[in-house]
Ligand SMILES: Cc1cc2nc3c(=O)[nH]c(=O)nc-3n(C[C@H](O)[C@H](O)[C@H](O)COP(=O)(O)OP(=O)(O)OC[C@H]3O[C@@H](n4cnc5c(N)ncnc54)[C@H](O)[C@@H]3O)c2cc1C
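Let's start with one chain on its own, the form predicted on its own, as structure tokens.
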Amino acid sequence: MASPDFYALDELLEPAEIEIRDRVRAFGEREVTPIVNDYWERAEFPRVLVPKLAGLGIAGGTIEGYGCPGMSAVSAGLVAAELARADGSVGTFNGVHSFLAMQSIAMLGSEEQRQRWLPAMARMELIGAFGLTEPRHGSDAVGLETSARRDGDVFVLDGQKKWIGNGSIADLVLIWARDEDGNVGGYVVEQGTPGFEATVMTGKTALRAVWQAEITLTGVRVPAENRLAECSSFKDVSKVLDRTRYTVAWRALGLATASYELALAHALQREQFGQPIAGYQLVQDKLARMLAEITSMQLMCWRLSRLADADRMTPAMASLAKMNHAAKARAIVADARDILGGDGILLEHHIARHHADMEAVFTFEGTDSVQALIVGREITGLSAISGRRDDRR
């Protein structure tokens, strides 16, 4: 089959970036894809993959030191894409652990906190989760209602969280809450802490092989030294989200690439009316347009990640990529499912799983509409959410 690298993007990559991409791709093809359909159908998390993921040495992504790989933003993006190419659930597990949880500690924790938690997280001996979203606050996460009250040398947490990836299996759950002065802080809650209850959400039709949890915090007592030292406002939380959002664009690219490859392979071997369906004009038109979108997504991801490596990526740049790639990947996966016809709704052909999972990627870490409003605020200076002029301009 023709490679989806139609514009020879490999020539823009460093040897280390190609090596880690190929290593993670081989892992996905060897360890993930052959087993994940069964886990997805049962809505069961494939714990057996965690030590194997740890062996790849990818946890922590761009974080330097503390046993983390300190890879480039391009490498981290390629890792995100390749895991998603194998399976969206596995990609989400790693995204929550390596990017949201570990990056929060790396960016907002003290040196003592980084030394305490990151090395074990890099070895995946401790799994992390990121508890921001609440039942009443998704896109408007800034309105979080979970409270933190100081009581001597501990903080007492009360509230609820929802859609918390890894929340039921994590050893460390980072809970975002407001203190008595209204300041937002991050509190690392360790597994087994009294008053912390995580319930696996059921009935999902996407990302079924990774668990999201509803969390209830009732008088949860967290040692003061577990409050992230460098976080005092929601702007600090936003810095983490801005720094990790570009990897979601790469994950959308991974799902789109997998779906295109499945569609092309099927079209070449599936015969109808005496010839492979790849020989029909309507199918070739779909494949050509899918490849065009994938190529533009590849180049946009590469450029955005190079800007991130140069510390030039802005929140709006990351939002533009997530918005564009999620929408384009959603259309690509739908076209691929159509090309597979009836086979496209059978898990054994994988495209049905990608088709369902893409709906979640389209929604999480900022919906399509919210990403558009972030970009719109940047280019107009006006906030369509608040109706006020953007104070930054």
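All figures in this text were calculated on a predicted structure; none of them were measured in a lab. Numbers for residues come from their place in the sequence shown, where the first is 1.
The next section is about a form of this same protein that is not shown, the form predicted together with this ligand.
Within 4.5 Å of this ligand in the model of the complex, heavy atoms considered, which of Gly344, Gly366, Pro46, Gly28? By the 4.5 Å criterion, the partner-contacting residue is Gly366.
Looking at Ile105, Ala177, Ile164, Met290 here, can you tell me which has any non-hydrogen atom within 4.5 angstroms of this ligand in the model of the complex? If I apply the 4.5 Å criterion carefully, the residue I get is Ile164.
Is Gln113 part of the interface with this ligand in the model of the complex - any heavy atom within 4.5 Å? Taking the distances in the model of the complex, the answer for Gln113 is no, it never comes within 4.5 Å of this ligand.
This ligand contact in the model of the complex: Leu382, any heavy atom under 4.5 Å: Heavy-atom contact with this ligand at 4.5 Å: absent for Leu382.
Under a 4.5 Å heavy atom criterion, is Ala352 part of the interface with this ligand in the model of the complex? Residue-level check for Ala352: no, no contact with this ligand.
Taking heavy atoms only, is Ser72 within 4.5 angstroms of this ligand in the model of the complex? Ser72: no, not in contact with this ligand in the model of the complex.
Taking the partner as it appears in the model of the complex, which of 259-267, 115-123, 149-157, 133-141 has residues with heavy atoms within 4.5 Å of this ligand? Result for this chain: 133-141.
Mind checking whether each of Val24, Cys301 and Ala310 has a heavy atom within 4.5 Å of this ligand in the model of the complex? The answer is no: none of the three residues contacts the partner (heavy atom, 4.5 Å cut-off).
Counting only heavy atoms, which residues in 205-242 are within 4.5 Å of this ligand in the model of the complex? Stretch hits, in order: Leu207, Gln212.
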